[in-house]
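Next up is one chain by itself, shown in structure tokens, the form predicted on its own.
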Amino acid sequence: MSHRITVAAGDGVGPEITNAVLRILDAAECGLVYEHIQVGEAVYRSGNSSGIPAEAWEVLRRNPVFLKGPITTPQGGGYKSLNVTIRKTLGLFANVRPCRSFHPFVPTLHPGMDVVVVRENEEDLYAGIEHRQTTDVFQCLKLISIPGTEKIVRYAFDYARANGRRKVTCLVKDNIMKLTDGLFADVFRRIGVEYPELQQEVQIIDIGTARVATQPDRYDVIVTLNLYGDIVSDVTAELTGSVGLAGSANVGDRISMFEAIHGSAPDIAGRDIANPSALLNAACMMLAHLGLAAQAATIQNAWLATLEDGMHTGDIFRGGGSEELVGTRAFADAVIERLGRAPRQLQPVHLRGGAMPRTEYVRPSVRRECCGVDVFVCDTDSTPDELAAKLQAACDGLLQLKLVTNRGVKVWPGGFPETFCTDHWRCRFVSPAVEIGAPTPNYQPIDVAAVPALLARLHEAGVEAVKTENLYLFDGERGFTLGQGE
């Protein structure tokens, strides 16, 4: 049975390492049919700021997998990251990076390291929704969804189960971001009940990353949000000894993309010295995804045997552990020569193939009620007390002002003069029925029509609103965090 796949050679060293990898795949008789597309720098330079032509999308959407060489995004404004564009457009929700040490053949501080990072790939701060709201203040929206979180968490557990892993660790910052990161941790705990055979833990991202760097043997599979995962997966790849060895999978429900995690390295392009290992390992992940686990294991074991025999490219060539310095083509030849061999010292690869199971998100029925509004205003001249007085006079019984914060710190009522204030103020308005200063905030539903009416009154009073966020109760539970000191 043959599998038709999309291939893009990419830029810089991309064509060299892609050619090397395809030769190995063919030698291993994987039964692949290649459909080539051009993406990257040449497309950017032709005037297409996305880096991908329209006809390439047609090819990508009709084939189940995409093997992509590294690309160059031109510096300067107006050019969008092709990786981000493809990931989001095709719904590639899971980024999977296995990071394993190959001691003593590749020097590392952690000889026994074997960690897989499963990173959410579409949401979080990488939604790229940013605004400058005042002279002083910029914002970036952090978007975390229930269906997006459920998909990535379930994928991590399914990956661990399918690949004989023992433990899944969730890394979040839910002690600070109680709603967004709190959602991620809560979903992890809820779904984890369905996988009782796996050890499970939730850790704070900062100490978790520190422990990954110093004690990676404590971890097996890590699942985390987009930004954290980007950072942690680079840490784990570097800890193994070289980012030039690590492959990456970007998995979607219909289409998946496989790539090296390193860049296009234009400074060494055309010199036959680039290491094809990262793209080769990505290709092996692709084979397993297609159900060709036996072929993937054959190639990876031949690759491990090549490392053991000291056939090394320049990036990992070291005195004592390396026998021969080889180039890109010669390294590929060495892997091909060893197809059918298993490593003698390194742990042989045994893969279980096939795509992970899919589940459909069912949106629950929830009662949603507006109970107030946070109005962010720009004011360069007023003190907190002066601004509060102006706001109270403007709302005049329609709603009532509950608190004013600046950069998240309460400055009214009862702020301190030591608190530095920018020109960006969050002003929380609630129902007149709410008892201000009560030990437990008791938010009451309001008529949502009061919000635009309030904004009109603020405008008439000369108050400049730069952003609003309605406050909602979901089945009576707050869908927003309390202000500091509230």
Ligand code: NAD
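Don't overthink the numbering: it's just position in the shown sequence, from 1. Just so it is clear, the model here is predicted, and its values are computed rather than measured.
There is another form of the same protein, the form predicted in complex with ligand NAD; it is not shown, and what comes next is about it.
Partner proximity in the model of the complex, defined as non-hydrogen atoms within 4.5 angstroms of ligand NAD, places exactly one of 378-386, 107-115, 273-281, 175-183 at the interface: 273-281. Put simply, of 169, 264, 295, 226 only one has a heavy atom within 4.5 Å of ligand NAD in the model of the complex, and it is 264. Shown without its partner, this chain lists 252, 208, 216, 244 as candidates; in the model of the complex, only 244 has a non-hydrogen atom within 4.5 angstroms of ligand NAD. Of the heavy atoms in residue 259, some are within 4.5 Å of ligand NAD in the model of the complex. Using a 4.5 angstroms limit between non-hydrogen atoms, residue 70 touches ligand NAD in the model of the complex.
Of the heavy atoms in residue 400, none are within 4.5 Å of ligand NAD in the model of the complex. Although the partner is absent here, residue 139 sits far enough away that none of its heavy atoms falls within 4.5 Å of ligand NAD in the model of the complex. Within 4.5 Å of ligand NAD in the model of the complex, a heavy atom is found for every one of 83, 268 and 315.
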